[in-house]
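The chain below stands alone, shown as structure tokens; this is the form predicted alone.
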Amino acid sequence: MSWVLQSTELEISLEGGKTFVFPPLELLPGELVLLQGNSGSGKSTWMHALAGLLPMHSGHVEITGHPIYHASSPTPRGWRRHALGLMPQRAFFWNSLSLNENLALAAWSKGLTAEPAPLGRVGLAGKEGQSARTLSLGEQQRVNALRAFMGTAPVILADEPTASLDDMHAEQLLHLFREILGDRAMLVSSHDARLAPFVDRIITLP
């Protein structure tokens, strides 16, 4: 099987009556795909539907090695723990916990028994005992990425990961994605034109 994620045309209806119909999607191993479009085009809606955070009214999503997620059915057990990793636009951290403790909590929530990847992997060695509030936005997003890539989920979804980052920190984050992607597939939702040189393919929503 050459793909890691395959979905049919998906229909999602939001409160207020707005309906989106998204085209079929296929993500390949090691592929970094940019999902772009104007504000209101449905980028985040599509991302959240794939993650099982919004109900689908028609269609299905399949991730290799995991049960098929059908519209109007509950999200398959462990979908957001084992099938995919989600990197939200705004990283949430418990400021009362150290970075290492935040990562350990994330590992526990995913049912992982292995130790979290060291912060040195994202250039933050020596800051394990610090609170997230002591980090810059760029550093927080690197920890956010490390958390999303925990485990063996074959698909990573990232929603506007470079929002609010300056050019230097945005480039560091994009290089990090390339370094740790491996055979996974990553779909990045963003209107940030700086991502284009780093991706394999661009999907544009009207």
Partner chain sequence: MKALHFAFRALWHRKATSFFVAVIWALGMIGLAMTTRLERTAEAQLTRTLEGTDLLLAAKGSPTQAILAHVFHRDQASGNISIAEAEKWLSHPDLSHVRRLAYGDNYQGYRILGSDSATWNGVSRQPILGRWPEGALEVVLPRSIAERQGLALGDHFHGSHGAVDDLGDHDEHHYTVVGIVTPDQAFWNEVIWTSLESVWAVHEHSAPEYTAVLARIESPMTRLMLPGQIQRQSPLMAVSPAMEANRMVGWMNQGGAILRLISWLLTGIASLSMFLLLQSHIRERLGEYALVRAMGGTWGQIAALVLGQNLLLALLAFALTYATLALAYATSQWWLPAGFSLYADLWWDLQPDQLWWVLHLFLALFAGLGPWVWLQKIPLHRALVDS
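What you see is a predicted model, and the numbers here were worked out from it, not measured in a lab. Numbering follows the first chain given and starts at 1.
What follows is about the form predicted together with its partner chain, which we do not show.
**Q** Give a yes or no for Ser136: in the predicted bound form, does one of its heavy atoms lie within 4.5 Å of a heavy atom belonging to its partner chain?
**A** Contact with its partner chain, no.
**Q** Should Arg121 be counted as a contact of its partner chain in the predicted bound form, where contact means heavy atoms within 4.5 Å?
**A** Taking the distances in the predicted bound form, the answer for Arg121 is no, it never comes within 4.5 Å of its partner chain.
**Q** Is Gln140 close enough to touch its partner chain in the predicted bound form, meaning at least one heavy atom pair within 4.5 Å?
**A** Gln140: no contact with its partner chain in the predicted bound form.
**Q** Any of the heavy atoms of Ala132 lying within 4.5 Å of its partner chain in the predicted bound form?
**A** Residue-level check for Ala132: no, no contact with its partner chain.
**Q** Answer yes or no: in the predicted bound form, does its partner chain come within 4.5 Å of a heavy atom in every one of Trp3, Gln36 and His70?
**A** Checking in the predicted bound form: none of Trp3, Gln36 and His70 is within 4.5 Å of its partner chain.
**Q** Sort through 163-171, 56-64, 22-30, 43-51 and report the only stretch with a non-hydrogen atom within 4.5 Å of its partner chain in the predicted bound form.
**A** It is 43-51 that comes within 4.5 Å of the partner.
**Q** Between 65-88 and its partner chain in the predicted bound form, list the residues on our side with a heavy atom within 4.5 Å.
**A** Going through 65-88 in order - heavy atoms within 4.5 Å of its partner chain in the predicted bound form - the hits are Arg80, Arg81, Leu86, Pro88.
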